[in-house]
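Below, in structure tokens: the form predicted on its own, a single chain.
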Amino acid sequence: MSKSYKIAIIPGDGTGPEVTREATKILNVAADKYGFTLDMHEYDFGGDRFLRTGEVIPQSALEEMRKFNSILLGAIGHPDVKPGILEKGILLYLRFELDQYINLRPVILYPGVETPLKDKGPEDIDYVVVRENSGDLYTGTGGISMKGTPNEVAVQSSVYNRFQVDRCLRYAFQYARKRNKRKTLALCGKTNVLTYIYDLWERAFEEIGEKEFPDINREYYHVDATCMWMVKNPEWFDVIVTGNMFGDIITDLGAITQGGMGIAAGGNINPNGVSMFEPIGGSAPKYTGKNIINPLASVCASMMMLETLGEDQAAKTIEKAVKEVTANKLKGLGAGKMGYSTSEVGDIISEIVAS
């Protein structure tokens, strides 16, 4: 009996539905080829729904989400909705409520893709950032007093407990072991200034590494040095683990070095629950409905989803197809600059996957 996976699809806003359409098209081809089925259910969460109903995500839908094997997200962001409403109400809400405590971001330069880094190629840019996804400044701890006065005070606190840090570190160590490249895990922090938060991270990092993962090399980099080396010497990295805020920043830097938002994908992972995968770029409303947006980031997100579900062969086949397309087909990654329409890129990858 073939395996079946129940997948929630949230196309979202702007060009999200267009890129998600191509990703699901390719997923179905891969499923047919490798003998598993995908039971996909689409949800209309996003700006249009919010403007129509005043509701972002109903409580009943959250309970439905818990019953899925995975979630594939398109894009969030609507020009007629105040920034923060959809992002907090959908992205952060699902991440926190489904305890997706790992944000996984591969930084991989595919063949044929241009990077702004001089003299660097695919052999140099191939590493992964494991970002803790449930704590730090994103918890909302803090507040404002005397708002609107000359003495206004704003406080937003970075908060971590040992449990959060430990589980993130164990995931990162295990990932470095499974990846089996340089077997090196680097902690990115700021121990010389953030002496409480990253003292906790560093102590846990050393204790867990020494006791449970002696086969994994351990390194430490300050976050500012990490940013410099991501530009100067990206080939030094294997797996990087860091907190939520630093991870948010360095993964966007990593994305531009791998060719930009048109190719970058990420996963919000709960290793024992429901994970959510998404392209890193935004909803790009100015390109909506023109069939010119690059769908590769969404395709790569779907590939990550399959890998997390254990369908490794299908994931590798999709990645191989993406590499063939970037190396031999596309003129560029920008919207309207690919040499093909959005749907044509999806068709080409589908044909390669099926062959």
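It should be emphasised that the depicted structure is a prediction, and the values quoted were computed from it without experimental measurement. Heads up: residue numbers just count along the shown sequence, starting at 1.
Absent from the display: the form predicted together with a small molecule. The rest refers to it.
Taking D166, E206, D124, D248 one by one, only a single residue has any non-hydrogen atom within 4.5 Å of the small molecule in the predicted complex, and it is D248. With the partner omitted from this view, the residue of Y138, Y110, Y160, F173 that lies near the small molecule in the predicted complex is Y138 [heavy atom within 4.5 Å]. Although the partner is absent here, L92 lies within 4.5 Å of the small molecule in the predicted complex, judged by heavy atoms. The closest non-hydrogen atom of R105 lies within 4.5 Å of the small molecule in the predicted complex. The small molecule is not drawn, but in the predicted complex it has a heavy atom within 4.5 Å of E87.
Judged by heavy atoms within 4.5 Å of the small molecule in the predicted complex, the contact stretch among the candidates 212 to 220, 111 to 119, 92 to 100, 141 to 149 is 92 to 100.
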